[in-house]
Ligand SMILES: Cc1cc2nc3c(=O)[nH]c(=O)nc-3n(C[C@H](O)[C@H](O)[C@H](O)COP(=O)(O)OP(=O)(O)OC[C@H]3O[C@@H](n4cnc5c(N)ncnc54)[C@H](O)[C@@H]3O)c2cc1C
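This document opens with one chain alone, in structure tokens, the form predicted on its own.
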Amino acid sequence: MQTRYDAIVIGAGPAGSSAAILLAQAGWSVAILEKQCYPRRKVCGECIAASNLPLLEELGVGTMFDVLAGPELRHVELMCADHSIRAELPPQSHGRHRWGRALGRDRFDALLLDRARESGATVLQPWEAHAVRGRPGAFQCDAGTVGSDTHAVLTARVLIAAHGSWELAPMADGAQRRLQRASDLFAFKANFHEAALADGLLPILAFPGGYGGMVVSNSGMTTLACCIRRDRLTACRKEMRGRRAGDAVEVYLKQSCAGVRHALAGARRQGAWLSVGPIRPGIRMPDDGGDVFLVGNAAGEAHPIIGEGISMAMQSSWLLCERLIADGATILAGGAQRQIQRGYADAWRRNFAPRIHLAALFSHLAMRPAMASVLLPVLRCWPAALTHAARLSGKVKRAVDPQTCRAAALP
């Protein structure tokens, strides 16, 4: 098998697959490692903001996304206890895609990875990166097939980490782990048939010790996802002795939020609850960019309450790849990557650090009933504040012009 590449990408979520597509389309030899078999359900967001839809077109999956995705998301609604406050979501002011849509991650991630393969990337799946050695310009990645003895040492000048935030990176040491905290957040997600949730509505759930959201995605499926603190989850399981964690969370959500009770009153859950955690919201991008290029959640993660996970994943890959493609001849000939690392890190922070900080503020307000109760009267009088908050969170902001990567790739 081939073992020498221009770039190795670890992780085939939206960030990793986007990077692999862009580099492969520009003529780079790319290997992408993904340890999970696709299609697979995943405890991650399904909302794709309108700002990303032109990017999907440039990646070559826009038409299929239009066929598969759920209805346009035109309204947001805050659901807190027995209260519901609705407002319009901000439309994108240009282009034919004015509102975002949702697509299950089993379909969306597979769609992007298939496109990476079609673009010429070598897809190693299910493969896992065990360790990384070397430096920019000369990396070695020890990798192998999950569940077998197949093993290889891959080499590349460029290494891109696109792994999940709750996973240890293959180049990390044990210092990346930390002690358990009561405030640790665990993510839960389930899909429901025949839920009473209006098409085009994006509810935000605020409840003691957590927050969440619902959306109608492909095939009329309703997704319910939430994050809940470790201490609240422990209390729920004690109160509902004998129930599995996901089932206890579902009961707690119905008890805490009238909007959830109404939406799921006649619904049927598809499969079991998925869970993962603790999630690690925050910025992980080094000031100088580090030795390995970080994209998606590996670079930084916003609290899921703003639904910008996929946006940050895809757009961070675009920010990086436009620089790599523009300077590709220098990098692949052995030129230093430090200048690109610093420039990319600066651009990443300008575009995404504000979203991360804003999401942290929103999440702390949502998880504390006393704070939320103070805001409710204001939002009833001024529901457009929800529209403004959605705009600030990045729903109509794109970090890069998708045509810049295409222009940089031209000879």
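Source: prediction; values computed, not measured. Sequential numbering from 1, following the sequence displayed.
Here the subject shifts to the form predicted in complex with the named molecule, a form of this protein not shown in this document.
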The named molecule: the contacting residue among L320, V249, A162, A116 in the predicted bound form [heavy atom, 4.5 Å]: A162
Among the candidates L386, A366, C44, L55, the residue which, in the predicted bound form, approaches the named molecule to within 4.5 Å (heavy atoms): C44
Location of the named molecule contact in the predicted bound form, chosen stretch of 192-200, 289-297, 147-155, 237-245 [non-hydrogen atom, 4.5 Å]: 289-297
Contact check for L33, Y38 and A187 against the named molecule in the predicted bound form, heavy atom at 4.5 Å: yes
Exercise: H97 in contact with the named molecule in the predicted bound form, heavy atom 4.5 Å: no
Residue contact check: F139 to the named molecule in the predicted bound form, 4.5 Å heavy atom: no
Contact flag, W127 vs the named molecule in the predicted bound form, heavy atom cut 4.5 Å: yes
is_contact(I310, the named molecule) in the predicted bound form, heavy atom dist at most 4.5 Å: yes
Stretch 51-77 - residues with a heavy atom within 4.5 Å of the named molecule in the predicted bound form: none
